[in-house]
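Next up: just one chain, as structure tokens, the form predicted on its own.
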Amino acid sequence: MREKKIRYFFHSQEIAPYIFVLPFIISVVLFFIYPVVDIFRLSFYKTEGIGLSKYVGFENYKNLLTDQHFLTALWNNTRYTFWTLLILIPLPIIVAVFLNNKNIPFRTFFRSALFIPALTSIVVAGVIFRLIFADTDTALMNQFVHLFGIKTQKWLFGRHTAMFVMVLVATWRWLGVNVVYFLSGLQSIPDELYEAAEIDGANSIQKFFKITLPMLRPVTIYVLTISIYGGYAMFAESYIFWQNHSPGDIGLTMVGYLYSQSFEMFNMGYAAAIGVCLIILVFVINILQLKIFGLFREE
């Protein structure tokens, strides 16, 4: 009787789907939902030693509002996100359109070459970029600006030049990935639409704005969503230059400050409050941009 019940349990068409998805559900609960819930809980405590914590209510959040380091990190992340969105949305679209043209020679080579930075170690890239943007007269970028009569720059010590370097690293690293996203979107657009537009006398620019861009809207919204998250969760591009100790906090980010509070200051409750603010901020901005672009609109 017992063997019959076990056989029925594993061969039932009603139960089998739940068994197959059970490992995924357990993984999500253990490695995503539980940590997020625990971060919310931890953000209401103050760590007073190993294994010791004290409930402080919203004190960590109140302190964040007047914490100049946190406000600077938030401003740095906002500027970084703005510039990366301004570059890493339109530029990959243009590059993808060119690489989708069958008349472009070596287009397969260019597609592969653009993706290589995403596979390169960020540590190795950091070493190379530090050499390129060193503050010596012989550094590559300083030699380049000397051609235009500009004096030697301390790229990693100025607020605006530091942001320029971080955005440049992000562009080098993620341009190829976004090009792949937009190429996949371009290849799903039916050729009949372009043929009909040609019959109506549309030129290349009109086809781009009237057909290509509207048909790429789902991909654009996806890239925009992950780029907003990537901008506010940025850490590596800053860490490779200053190891979380930039002069005047010019390279401090929210994740960098969270890392500093948790693993250098061992202030886990405060770090958890920073993490909660980051989650809420990214969630609200993405909901707003999805609402603006009409993702929730019924068609």
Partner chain sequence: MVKSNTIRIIGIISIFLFLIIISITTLLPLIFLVIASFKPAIELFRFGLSFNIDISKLTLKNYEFIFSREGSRFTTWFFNSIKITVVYVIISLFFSSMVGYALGVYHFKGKRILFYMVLFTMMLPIELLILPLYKEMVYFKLIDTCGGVILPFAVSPMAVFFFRQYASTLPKELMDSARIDGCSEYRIYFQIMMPLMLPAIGAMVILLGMNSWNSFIWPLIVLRSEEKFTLPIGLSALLTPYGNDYETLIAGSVVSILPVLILFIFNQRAFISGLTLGGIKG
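Positions refer to the first chain, counted from 1. Bear in mind the structure is a predicted one, so any value in this text is a computation, not a measurement. Think of the rigid core as the biggest set of C-alphas that the two forms share within 1.5 Å after superposition.
A second form of this protein, the form predicted in complex with the partner chain, is not displayed here; the remarks below concern that form.
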item	value
4.5 Å heavy atom contact with the partner chain in the predicted bound form for all of H11, V127 and R130	yes
Candidate from V169, L175, L156, L74 lying within 4.5 Å of the partner chain in the predicted bound form - any heavy atom	L175
Interface residue in the predicted bound form among L224, A202, M163, I104, criterion: non-hydrogen atom within 4.5 angstroms of the partner chain	I104
One stretch from 113 to 121, 77 to 85, 189 to 197, 148 to 156 that, in the predicted bound form, holds residues within 4.5 Å of the partner chain by heavy atom	113 to 121
In the predicted bound form, P35 touching the partner chain (heavy atom, 4.5 Å)	yes
The partner chain contact in the predicted bound form: Q143, any heavy atom under 4.5 Å	yes
In the predicted bound form, Y55 touching the partner chain (heavy atom, 4.5 Å)	no
Close approach of S27 to the partner chain in the predicted bound form, 4.5 Å, heavy atom	yes
The partner chain in the predicted bound form - contacting residues of 251 to 274, heavy atom within 4.5 Å	V255, L258, Y259, S262, F263, M268, A271, A272
Core-aligned C-alpha movement of V282 between this form and the one not shown, 2 Å or more	yes
Large Cα move at Q243 between this form and the one not shown, threshold 2 Å, rigid core	no
C-alpha of Q68 moved at least 2 Å between this form and the one not shown on rigid core	no
